[in-house]
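Form predicted on its own, single chain, as structure tokens, below.
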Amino acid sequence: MLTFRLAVRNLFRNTRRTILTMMMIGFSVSALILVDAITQGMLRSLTDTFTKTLTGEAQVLRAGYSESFDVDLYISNVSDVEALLSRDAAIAATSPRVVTGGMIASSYNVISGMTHGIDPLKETDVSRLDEALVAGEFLRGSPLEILIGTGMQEILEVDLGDRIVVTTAAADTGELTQALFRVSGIFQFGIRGMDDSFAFINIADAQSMLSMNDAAHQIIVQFRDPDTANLPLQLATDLSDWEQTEIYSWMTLNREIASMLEMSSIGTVILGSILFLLVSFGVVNSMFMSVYERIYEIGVIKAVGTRPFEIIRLILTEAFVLGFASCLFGGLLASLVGFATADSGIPLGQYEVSGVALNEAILPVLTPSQFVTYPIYTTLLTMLAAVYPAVYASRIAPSEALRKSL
């Protein structure tokens, strides 16, 4: 306690310098916390856009389908597979899809696209397709309904109630089949590839066109805890024995986003290293100035028998108090900014990632670990930066210290 009281008194001998140093360290800590919170918020927004738009948090596919999208690689007896999935308590919802490429034509134009056969009742639990509608109605299960994107609407020059023809090849045989659909709704996800080339019909119509009975190409899975999607699942072993069926997490299916998640942590480390380097220079300078101001006192206490270790301990205690107080200030500042933007978010304008347009304000994600990890690292770095001034002070010869002070 005596060392602690001496450290506090020494720090506030020069109050202005100490406060400026504390502000420098505190602002660095708050910057690290806020940058990490904004990065996590941006990645969460991007992840939600991918997993809750169409991809889902995981997909059950036939082996090889994700690479080729071969219409012949489908899952038979989908109802049995869904029953198997329902046994896993971690899974919240599933929905089968029949996916096929083909030609979509109107009286004015024709376009190649991907037609998704979906179950309207189950699809609302795994995607935001119903929320993306900008006109018309969601699929109701009636025959020959179709939803198209705003981009496809402009190309085909159609509107609600108009008829369009979908041409595709049947599974296994490859025979061309056609069906005449009526546009019941128009959606807009903000993803160019989807708005321009995706169409959605009822799964019964898709199975009929492709001659697939109780079969699907995908089973979309949503989990109760999103973090579960990237963990090994017990049901993966059971599915692997079912006609070479496998379950893939959304990160496996979206390599670009997975790479961004990995790079985000690296970016935070780089930013933290730069800030820590700048902070260390400030701490070294502040500690050296403090040592030079007390060089006479250091010489006196060494002359009366104070050991070098005790001088090092005193200066390191000063650094600890300085770092700890600075981290309290930085954490308080970061929390105030975080709470102030918790509802409205931080507007970053409209930006695009992997063809996905994002224009929503970023909600910072503040976690307890940010207020623990970064302050601990900063405090340890502050003490590490003070080692050199402390060792220098412990090695000062009393005769030289007394002479320099005269």
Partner chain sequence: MPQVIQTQNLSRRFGEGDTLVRAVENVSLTIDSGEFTALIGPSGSGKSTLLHLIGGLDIPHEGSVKLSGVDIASISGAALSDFRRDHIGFIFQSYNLIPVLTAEENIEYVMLLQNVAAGERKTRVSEMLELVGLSGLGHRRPPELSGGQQQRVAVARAMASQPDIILADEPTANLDSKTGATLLDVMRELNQSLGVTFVFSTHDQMIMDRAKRLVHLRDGEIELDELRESVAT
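For the two forms, the rigid core is made up of the largest set of C-alpha atoms that agree within 1.5 Å on superposition. Treat the numbers as computed from the prediction; the structure is a model and nothing was measured. Residue numbers count along the first chain shown, from 1.
Although not depicted, the form predicted in complex with the partner chain is the subject of the following passage.
Among 169, 133, 300, 103, the residue placing a heavy atom within 4.5 Å of the partner chain in the predicted complex is 300. Contact between residue 72 and the partner chain in the predicted complex is not found at the 4.5 Å heavy atom cutoff. Although the partner is absent here, residue 266 sits far enough away that none of its heavy atoms falls within 4.5 Å of the partner chain in the predicted complex. Taking the partner from elsewhere, residue 308 is found to have a heavy atom lying within 4.5 Å of the partner chain in the predicted complex. In the predicted complex, the partner chain sits within 4.5 Å of a heavy atom belonging to residue 9. Proximity to the partner chain in the predicted complex, taken as heavy atoms within 4.5 Å, picks out 300 to 308 from the listed stretches 269 to 277, 300 to 308, 184 to 192, 324 to 332.
Each of 13, 399 and 402 comes within 4.5 Å of the partner chain in the predicted complex, counting any heavy atom. Comparing the forms between this form and the one not shown, the C-alpha position of residue 151 differs by less than 2 angstroms, with the core used for superposition. A movement of the C-alpha atom of residue 272 falling short of 2 angstroms is seen between this form and the one not shown when the two forms are aligned on their rigid core. The two forms, fitted on the rigid core, differ between this form and the one not shown by 2 Å or more at the CA of residue 394.
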